[in-house]
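Taking the form predicted alone, here's one chain by itself in structure tokens.
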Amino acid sequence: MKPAITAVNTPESTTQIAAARARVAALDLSQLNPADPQGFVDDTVGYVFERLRHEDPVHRSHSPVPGIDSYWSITRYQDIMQVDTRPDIYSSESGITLMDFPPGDDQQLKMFIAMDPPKHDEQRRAVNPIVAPANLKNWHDLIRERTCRVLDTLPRNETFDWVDKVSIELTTYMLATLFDFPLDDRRLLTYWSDISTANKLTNPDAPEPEVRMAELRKMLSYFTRLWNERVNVAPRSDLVSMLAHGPATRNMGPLEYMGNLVLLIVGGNDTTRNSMTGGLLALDNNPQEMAKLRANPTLIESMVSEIIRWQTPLAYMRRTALADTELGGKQIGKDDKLAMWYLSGNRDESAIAEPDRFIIDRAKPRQHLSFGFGIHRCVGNRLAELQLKILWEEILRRFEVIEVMGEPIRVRSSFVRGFSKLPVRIRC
């Protein structure tokens, strides 16, 4: 039987890889700035991380973008773990991205992932039940039914955009379920997710800050209506109801509600959406792994973890030092910013065997950093894995050949590592 994916585009040639590495090698260490989004657009930032891991794993980086300025790049697995598991030393209170805003600027959204204990723990506890094992079990059939419906309506023998037709469609269905959000309006959730992570200073195509905030206020207005419908009735098992009735969240101000909505929408959108696309692309570039999967479909579960490691949908998280400290032999000053580059840690050969290879049957497939660690570990990690598992089960049952028909278009962001387009064709 033929594999379900066939590669029509070969991976980067040895010559291209050597040229990209040579360009990075020619730079002085002080010039290496992993937060430059161009490295994500052209998918060359990995060579910057490769050099930093070997030469300066705790690196003082400098960005020309106002609001980012200087920060520490943490690029090795164990150093990232040390930062991620010590909220008493490395705080989230100043935000999870490298961008700083003036005091009182509404763009600095307050959300529980950007809080320290005890407030973080209290607000996170309000939404934890959404991904309890019982809920995951109850959603299993619904996720499969929707996945089947989306896949069965895809065009055959013609090129279409996998991001739009599959990745976005499936994640918006799930987001709408989590919020008990009107299905006819579900594409608004993707739109608000994209708007919330857009930054005019790093992406000239992004909306102006005042336009971005105006759109997020429309989101707040929509969700305030849903809150008001649910706050005075018996609690239900959706995120809006959980926030409206949770002891730590029911008295949130409007901007804090907005921030937590952005967190939950982006968290429920980007990991799954970009892994759905990144996995297809990885298998296209590694057809021997698809053949391995076709021969042994029980590998789907471990492959899902490998896809999430390989893609690393959120490239980093920021922390801020609460006091002078030491990390990796470097002196970190109080109030210094640190970027935990999960994308780099997931390619660290000192922690992960053959990290630059996509291997669907790794011995320890869940040993990756994509969900973070410690108190801020992704709330919905098991739900994301379930969605991807069901998607690949149903792909294998249906499609003999999916061809990637051109280069992907990658999102211009150093925070969200994602795709805006991937042309494919289902051949039958």
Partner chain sequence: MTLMRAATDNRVPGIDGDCGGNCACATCHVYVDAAWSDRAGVRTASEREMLNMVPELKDNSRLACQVTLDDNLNGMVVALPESQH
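Residue numbers count along the first chain shown, from 1. It should be emphasised that the depicted structure is a prediction, and the values quoted were computed from it without experimental measurement.
Just so you know, the form predicted in complex with its partner chain exists too; it's not on screen, but the next bit is about it.
Inset, instruction - Look up in the predicted complex whether D184 has a non-hydrogen atom within 4.5 angstroms of its partner chain, and give yes or no. - result: Although its partner chain is absent here, D184 would stay clear of it in the predicted complex, with no heavy atoms inside 4.5 Å.
Inset, instruction - Decide whether N128 counts as a contact residue for its partner chain in the predicted complex under a heavy atom distance cut-off of 4.5 Å. - result: Close contact exists here: in the predicted complex, N128 approaches its partner chain to within 4.5 Å, heavy atoms only.
Inset, instruction - Would you please decide whether P117 lies within 4.5 angstroms of its partner chain in the predicted complex, comparing each non-hydrogen atom pair? - result: Yes, P117 is a contact residue.
Inset, instruction - Indicate whether S63 is a 4.5 Å heavy atom neighbour of its partner chain in the predicted complex. - result: The answer is no: S63 has no heavy atom within 4.5 Å of its partner chain.
Legend entry - Stretch from 324-332, 284-292, 79-87, 185-193 whose residues place a heavy atom within 4.5 Å of its partner chain in the predicted complex: The contacting stretch is 79-87.
Inset, instruction - Work out which of R51, R366, R398, K389 lies within 4.5 Å of its partner chain in the predicted complex, going by heavy atoms. - result: Of the listed residues, the single hit is R366.
Inset, instruction - Check each of A353, A132, V211, L142 and return the one that places a heavy atom within 4.5 angstroms of its partner chain in the predicted complex. - result: None of the others qualify; the residue that does is A132.
Legend entry - Residues in 350-377 close to its partner chain in the predicted complex, defined by a heavy atom within 4.5 Å, in order: Result: K364, R366, Q367, F373, G374, I375, R377.
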